[in-house]
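Coming up is one lone chain in structure tokens, specifically the form predicted on its own.
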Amino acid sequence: MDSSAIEIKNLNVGYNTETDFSLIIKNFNLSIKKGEIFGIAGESGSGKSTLAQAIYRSVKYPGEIESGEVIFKDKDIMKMEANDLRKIRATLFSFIPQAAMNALNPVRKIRYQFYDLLIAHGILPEKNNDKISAVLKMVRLNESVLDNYPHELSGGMRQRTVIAMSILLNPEVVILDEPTTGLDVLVEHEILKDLKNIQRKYGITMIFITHDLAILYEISDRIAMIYAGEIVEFGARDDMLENSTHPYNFLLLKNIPRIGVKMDNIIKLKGNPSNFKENFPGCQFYERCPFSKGECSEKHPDLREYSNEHYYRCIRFPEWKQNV
């Protein structure tokens, strides 16, 4: 029995510029298991949101999916006709964007936005009011929100509304692209708790994308660390946390502020991931890595297995870690 919910094979995604095509996601391969929360992490500019949109096949111009496959229920999403794609969205496969207002109609009451979703899939809304009430209850919202416009709700309430809409039709896979961005810490914590409870109760496969490692290591079962559009390390959460094999993951974890820990003696991560060089033959992290040597600039590292289902992309491991 196949345990994979999503298979991503040789995916290449980029953006058209005035003079060229810039490749952002490069020959990306990943298998996501059924019923897990799979975390995808990396700094802003590392390609996380582009990857999320590509998996959902919602990349818009100037973005372009150049090649690759995304296999879901034995079908390649990249080759689906538009009508077939619409049928599986929200019913089998749903997407929660970075900002709730991007998913809500600002001039339509919440009730009718739920109705619109049902009607789009040939379902009579009047016979599903109980179902709408049930999903609102799951995210701890009162039914009174149905008579509000989006701007009348707080940021947290809007985000909960979008989550409720995304699970209304019982999807098997939900992609969450920075779902708690801009929310205060307490609201963020409550929403994360709700998401995990929903996922565990219904066995939904979640692909959770964020730049916040503290969130990711709290909620995920497995994690992939993305840098310059490719995986540099992935594995089970505890392995990634306790046995970093790539300097990028190691440095990001070290730079998470901790109560009672001084930051003075911690190796700082300098620069940003958007300055990658497209045709660079070596490791894209080379110029930012405090452990790099000349050889790192000459050969692009392959993804290697460290232990059971724990992989890394670094030619200097384990040597670099012996000096930390």
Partner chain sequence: MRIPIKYIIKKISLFFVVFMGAITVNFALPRMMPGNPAQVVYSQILRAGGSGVSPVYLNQLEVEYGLSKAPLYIQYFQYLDNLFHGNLGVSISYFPEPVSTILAQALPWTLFLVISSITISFFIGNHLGRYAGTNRNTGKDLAIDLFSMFMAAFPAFVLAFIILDIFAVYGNLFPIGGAYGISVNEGLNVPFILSVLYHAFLPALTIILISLGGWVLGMRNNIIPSLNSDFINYSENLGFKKYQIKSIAYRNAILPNMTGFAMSIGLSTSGVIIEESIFSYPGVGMYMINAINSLDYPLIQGIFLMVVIAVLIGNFAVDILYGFLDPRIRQEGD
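Numbering follows the first chain given and starts at 1. If you're wondering where the values come from, they're calculated on a predicted model, not measured in any experiment.
Separately, the form predicted in complex with its partner chain exists; it is not shown, and the next lines address it.
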Inset, instruction - Look up in the model of the complex whether residue 217 has a non-hydrogen atom within 4.5 angstroms of its partner chain, and give yes or no. - result: no
Inset, instruction - Indicate whether residue 78 is a 4.5 Å heavy atom neighbour of its partner chain in the model of the complex. - result: no
Inset, instruction - Answer yes if any heavy atom of residue 121 is within 4.5 Å of a heavy atom of its partner chain in the model of the complex; otherwise answer no. - result: yes
Inset, instruction - Answer for residue 117 alone: is it within 4.5 Å of its partner chain in the model of the complex, judged on heavy atom distances? - result: yes
Legend entry - Contact stretch among 228 to 236, 188 to 196, 207 to 215, 159 to 167 - heavy atom within 4.5 Å of its partner chain in the model of the complex: 159 to 167
Legend entry - Candidate site 14, 302 and 310: all three near its partner chain in the model of the complex by heavy atom within 4.5 Å: no
Inset, instruction - Name the single residue among 251, 103, 145, 132 that comes within 4.5 Å of its partner chain in the model of the complex, judging by heavy atoms. - result: 103
Inset, instruction - Quick one: name the residues from 72 to 104 with any non-hydrogen atom within 4.5 angstroms of its partner chain in the model of the complex. - result: 86, 89, 90, 94, 95, 97, 99, 102, 103, 104
Legend entry - Sense of the change in Cα distance from residue 101 to residue 180 in the model of the complex - at least 3 Å versus the shown form: closer
Inset, instruction - Over in the other structure, so in the model of the complex, do residue 102 and residue 54 pull closer or drift farther apart at the C-alpha level? The difference is 3 angstroms or more. - result: farther
